[in-house]
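In structure tokens, one chain follows: the form predicted alone.
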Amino acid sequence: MADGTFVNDAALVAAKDLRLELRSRVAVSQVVPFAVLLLVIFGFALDGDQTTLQRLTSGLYWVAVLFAAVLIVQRAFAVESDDGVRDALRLAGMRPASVFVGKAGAIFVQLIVLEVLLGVGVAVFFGTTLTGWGLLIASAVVAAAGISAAGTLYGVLTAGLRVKESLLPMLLLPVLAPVLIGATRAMGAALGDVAVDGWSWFNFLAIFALIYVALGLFAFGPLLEES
């Protein structure tokens, strides 16, 4: 294992996490229904005001994504805590940076699936017509990358703590506020709801993602040892 390449190690970690998720089906049975339920609650809260719903679609969509993302990150590290997998990762000789990339990659895949399903949800529940596909897809991908990188970093930071279930949302959600703002503005521009340069917000999201990927590559190892 120690002789494996960086990419192979990352792929092994990602495949392990995705296999665990496919077998447990927690995302399918809990996370996705939770996120969809949020959209339904938003619809009821606004009393079916179609004009208001369409104007607020971008913000409501990304709020649902962020709350669901916290559950995905918690799940990714809770499984390792329960089964002692994290200790095995320390002893396997894998590069910490490759473990970070693998775990972030598995979270990224789950987030992309979630984003697609919620996109269908806003089209169905809010009657939103999805347009500006290039900007919409690009911003969704880089936002998912930023959420995954930050989530993995803060996930391992809180993994060894007894209060991790309550501490992770308190730490992670404020950090993801720039993603909420940037992704909401980019999506709003793609849908034609706001008169802003959506690609400038895409660049903002990309910078956020790059910063947290870089932080994760260097800081994940020490945090993993301490967790």
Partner chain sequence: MTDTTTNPPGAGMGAPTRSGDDPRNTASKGTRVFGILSLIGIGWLVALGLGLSPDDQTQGDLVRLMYVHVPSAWLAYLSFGVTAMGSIMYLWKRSEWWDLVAASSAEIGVLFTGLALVTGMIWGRPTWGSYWEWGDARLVTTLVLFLMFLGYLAVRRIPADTHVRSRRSAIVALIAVVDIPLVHFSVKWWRTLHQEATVLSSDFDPKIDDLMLFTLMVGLVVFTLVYVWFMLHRFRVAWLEEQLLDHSLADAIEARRAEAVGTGATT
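Bear in mind that the values here come from a model prediction, so they are computed numbers and not experimental data. Residue numbers count along the first chain shown, from 1.
Just so you know, the form predicted in complex with the partner chain exists too; it's not on screen, but the next bit is about it.
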Work out which of the listed stretches, 165-173, 52-60, 66-74, 33-41, brings a heavy atom within 4.5 angstroms of the partner chain in the predicted bound form.
165-173
As a check of understanding, the residue in L135, V142, V122, L157 with any heavy atom within 4.5 Å of the partner chain in the predicted bound form should be identified as L157
Hey, in the predicted bound form, is L153 touching the partner chain, heavy atoms inside 4.5 Å?
yes
Within 4.5 Å, heavy atoms only: does I181 come near the partner chain in the predicted bound form?
yes
Examine L161 and determine whether its closest non-hydrogen atom to the partner chain in the predicted bound form is within 4.5 angstroms.
yes
Though only this chain appears here, would V196 touch the partner chain in the predicted bound form if you measure heavy atom gaps against 4.5 Å?
yes
Residue by residue through 5-25, tell me which have a non-hydrogen atom within 4.5 angstroms of the partner chain in the predicted bound form.
none
